[in-house]
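Here we start with a single chain on its own, the form predicted alone, put down as structure tokens.
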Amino acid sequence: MRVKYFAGFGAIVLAAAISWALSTGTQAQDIQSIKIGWSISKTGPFAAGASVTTLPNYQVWVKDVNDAGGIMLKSIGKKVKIEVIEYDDRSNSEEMIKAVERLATQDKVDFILPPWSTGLNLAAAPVFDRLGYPQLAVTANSNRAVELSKRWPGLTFWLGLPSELVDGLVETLVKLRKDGKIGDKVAMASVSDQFGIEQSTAAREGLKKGGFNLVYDKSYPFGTQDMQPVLKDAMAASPDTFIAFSYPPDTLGITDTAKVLGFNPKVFFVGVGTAFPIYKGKFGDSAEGVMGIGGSNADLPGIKNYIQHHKTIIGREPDRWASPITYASLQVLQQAIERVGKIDRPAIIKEINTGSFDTIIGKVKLVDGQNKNTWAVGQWQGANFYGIAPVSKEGARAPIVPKPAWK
């Protein structure tokens, strides 16, 4: 009886194992798509940035992957196309968090792509971590990035720390002062949200170390439309250098107002949106010599091809900073999935953090969750927004200073 029992039990286990294997195999072979979702600002004040830097690159990448047959999953021996589920977070952190949770728990997507902006990405980070999804926070800047990536291993940062961006800016200004092209008087304005606070805090420290005299230092409320009070006060301080840590609408408004007032310091540096094609389109020849955050090397074959490819699909050119990095981050995600060979998010997170990847911006290998292949400062020179700092980076252009007069 005991023998029969064990024999019977063994047969049951064997039958169950065969049944499970067949069932699993059938399920695996039945995978028809990889579900990828995102919550993005299609309306509200963040829509201007998200509609240039983030959403178009999600769309281009999905099209590229699907046109190539999909993402290869070695576990089932075939390519699988991407299915997209998206929500509008309305530039609101509560709406974004609800959408991310819905994507994970109701839509049961395989991967979630990040929202736009520092604030929304930092708000999303604990939620992505709790749900077990990698978060490629391309448009987030925080001096706590290394600490946050250690706390939440799936969270990675791609544009450089605010301190690194400021280091590049201060490095540029120090050399210009040494060459006798500028003095030490700096005026600074910053939007009073997470991005502006992080950047301006780092800038104060960096400018002080660099021996600069901060003659004007004010923040303005998020959503400010009239920039005349800010610019008039900055202009009254007669700075050699003007710095604004601004969002796209502010960046355009500050530049417009500077032209109207005739405020043309030797260095004119504005924030997010400077690298956008709309900036060059709006200001034309007046964009020449304007500096801003980020940049790219448009002479790299990968970047050159990407710009044309993006224009062909979306109908307009990408920005020259975070757009190529956003696309590169998605190339990293795809390569990590294909190396793991299945939808195993913990393994994919590990691969993203430890692997080395070939992308349109060149080789990418994260260090402590940070992409180090970044530009700190760019400048409009002709038709492109070229990286000028750090000067040690391959392809760095010499800055045009003083900035030409407004046209």
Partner chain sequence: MTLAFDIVLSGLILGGMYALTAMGLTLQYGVARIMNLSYGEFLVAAAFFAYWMFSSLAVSPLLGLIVILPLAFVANWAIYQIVLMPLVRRSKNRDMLEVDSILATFGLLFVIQGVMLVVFGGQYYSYSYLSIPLTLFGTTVAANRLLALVFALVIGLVVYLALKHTRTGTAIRAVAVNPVSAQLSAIDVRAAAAFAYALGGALVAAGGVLVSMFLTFNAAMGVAFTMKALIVVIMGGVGNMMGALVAGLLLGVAETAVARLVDPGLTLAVTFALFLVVLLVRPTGLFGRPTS
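Positions refer to the first chain, counted from 1. Keep in mind it's a predicted model, so treat the numbers as computed, not measured.
Below: the form predicted in complex with its partner chain, not depicted.
- Interface residue among D299, D285, D179, D226, judged by heavy atoms within 4.5 Å of its partner chain in the predicted complex: D226.
- With the partner omitted here, the residue from A347, I31, V62, A47 that has a non-hydrogen atom within 4.5 angstroms of its partner chain in the predicted complex is A47.
- With the partner omitted here, the stretch from 206-214, 247-255, 303-311, 165-173 that lies within 4.5 Å of its partner chain by heavy atoms in the predicted complex is 247-255.
- The shortest heavy atom separation between K218 and its partner chain in the predicted complex is within 4.5 Å.
- Using a 4.5 angstroms threshold between heavy atoms, I352 stays clear of its partner chain in the predicted complex.
- Of the heavy atoms in K42, some are within 4.5 Å of its partner chain in the predicted complex.
- In the predicted complex, its partner chain stays beyond 4.5 Å of every heavy atom belonging to V84.
- By the 4.5 Å heavy atom rule, the three marked residues V230, V260 and R316 all count as contacting its partner chain in the predicted complex.
- Shown here without its partner chain, the chain has no residue in 181-195 lying with a heavy atom within 4.5 Å of that partner in the predicted complex.
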